[in-house]
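Take a look at this single chain, the form predicted on its own, given in structure tokens.
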Amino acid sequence: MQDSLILLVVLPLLLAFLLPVIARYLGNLSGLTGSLLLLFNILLLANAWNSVGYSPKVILLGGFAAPLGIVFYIDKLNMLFAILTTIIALLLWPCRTHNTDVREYVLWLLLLAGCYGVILSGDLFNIYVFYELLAVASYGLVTLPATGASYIAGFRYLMISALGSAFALLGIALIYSFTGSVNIAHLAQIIPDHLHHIWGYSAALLLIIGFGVKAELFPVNFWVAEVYSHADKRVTALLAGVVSKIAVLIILRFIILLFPWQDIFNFLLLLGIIGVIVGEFAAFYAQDLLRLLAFSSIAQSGLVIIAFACATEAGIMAGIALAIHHLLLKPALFLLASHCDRSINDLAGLAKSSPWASALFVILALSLLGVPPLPGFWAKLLLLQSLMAEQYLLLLVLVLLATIVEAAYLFRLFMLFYQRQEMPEQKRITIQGQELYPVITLSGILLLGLFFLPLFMDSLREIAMQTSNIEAYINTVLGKVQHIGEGNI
């Protein structure tokens, strides 16, 4: 059953090429084909979830056994991110816009194919290829508003991403020149013991910085505020929520499987710490809501990196919880904030013109802050527990101080929303009900998690154990595998 998961990559690519022809006959209704595809993907992933169980599987493509062939690796972590990616993409799909250009649909499909490919790929070169597909599609989507600001932001994003791609490719080339392989399972047997020298460290740093561009990792994250402020609201929500977390997932695989060295963990800790500090203080001084959320997103990504850099099951569990929380919450916040793209001081009295939207924003922001009993509290609690277990007491204090800074600018925002003064007529903001549907759905998914918290925690623990099991990864890929069509793996 898991063999059918290759359709996650194949179908979006196929539809992307066919959609211009379909649009000639169906017109604006052609956008519905993308929604139908995403619904099919949800059913496909839900059906495959039980068949995968808690034992990872592989799909071999090209008729060659690993490590020579193309490998798709399937475990609970990959499946979880694929499901969340599909749900959010379905909620954000632009078919509700009547005048959507078919080229926008094509770019969305290419980006989704790249996301699925990055999530499932089990070798460095194919991760790079799908990452580039994802990146190229995102460049086009960022410039969709067709304004001077969006073009400038898109160009800056292109330049920084191109530099990151060059670093990543150079890192892969270094690894291949020393090992003759790009299969991650095969490299997990070779690199930790045989490439533990300057060239191995160089490859690790190049890969982390290269893929760190999309992960909003310091120091290659200074494109975030401009892009998130000027791109289309749905594109911003997708980049901040989904794409950044997929890039973090790649980095997690690298440090667990390929570079399990304390120096690399310390390097990531440093980048995460700087990201949190810079992000929170930049958000504190931000003068408009979208930039505030963009800088806050940098800080949240820093927290995820800190958790993963602990390199323990508890740290991995905390990082996954934080990533999932951010993946669901940040798109909702950006969708709400896109209607309030103005100076923060101009939002005084917003709750009177948009009471429901303001209330939703406050609830989501409180969860981002980590106020109990909202989901964000439990995610941050896992992070604090993992830091205490590793005796990172100074780092724990830093996270708490960053939370205080975060509380300062968020509560300042809440006070503006609920000021008694009337917002001037020409400045009033009204958010239509249909525009709230994705926000309400994402908020509902988050709050629903509170009712299944014990089950969710148990599942996270199983996923963290599976993710940290290097031997199981190697044996799954290089052990008993079959080609597509030869039955269950």
Partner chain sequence: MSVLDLDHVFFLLIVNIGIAVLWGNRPFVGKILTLLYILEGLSILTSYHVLLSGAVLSSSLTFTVMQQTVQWQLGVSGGFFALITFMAAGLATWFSSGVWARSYAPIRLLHSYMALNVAAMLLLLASNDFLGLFIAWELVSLVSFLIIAINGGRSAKAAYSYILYAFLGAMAILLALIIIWNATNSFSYVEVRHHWSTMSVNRQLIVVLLLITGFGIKMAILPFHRWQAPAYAYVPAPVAAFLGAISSRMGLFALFIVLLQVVGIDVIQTLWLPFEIINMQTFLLWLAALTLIIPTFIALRQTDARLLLAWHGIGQGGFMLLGILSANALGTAGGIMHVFNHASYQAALFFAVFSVSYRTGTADLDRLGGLVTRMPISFTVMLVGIIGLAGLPPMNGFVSKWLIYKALLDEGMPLLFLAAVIGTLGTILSVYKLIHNTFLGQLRLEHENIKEVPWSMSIPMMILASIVFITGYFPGLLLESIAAMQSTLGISVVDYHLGGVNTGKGNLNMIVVVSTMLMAIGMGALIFFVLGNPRKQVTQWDNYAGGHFLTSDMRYQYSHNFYPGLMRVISPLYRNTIFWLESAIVSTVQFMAHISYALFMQANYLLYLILLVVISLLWVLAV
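Note that the structure is a prediction, hence the values are computed from the model and not measured. Positions refer to the first chain, counted from 1.
Note that the form predicted together with its partner chain isn't included here; everything after this is about it.
Annotation: in the predicted bound form, residues Pro192, His326 and Thr476 none come within 4.5 Å of its partner chain through any heavy atom.
Shown alone here, Arg253 lies farther than 4.5 Å from its partner chain in the predicted bound form, counting heavy atoms only. Heavy atoms of Gln391 reach within 4.5 Å of its partner chain in the predicted bound form, making it an interface residue. Put simply, Trp356 is far from its partner chain in the predicted bound form: not one heavy atom of it is within 4.5 Å. Of the heavy atoms in Val220, some are within 4.5 Å of its partner chain in the predicted bound form.
This chain lacks the partner; the member of Ala407, Leu169, Ile83, Ile344 within 4.5 angstroms of its partner chain in the predicted bound form by a non-hydrogen atom is Ala407.
Per the 4.5 Å heavy atom criterion, its partner chain in the predicted bound form is contacted by stretch 295 to 303, the sole one of 236 to 244, 86 to 94, 295 to 303, 327 to 335.
Taking a 4.5 Å heavy atom cutoff to its partner chain in the predicted bound form, none of the residues in 30 to 44 make contact.
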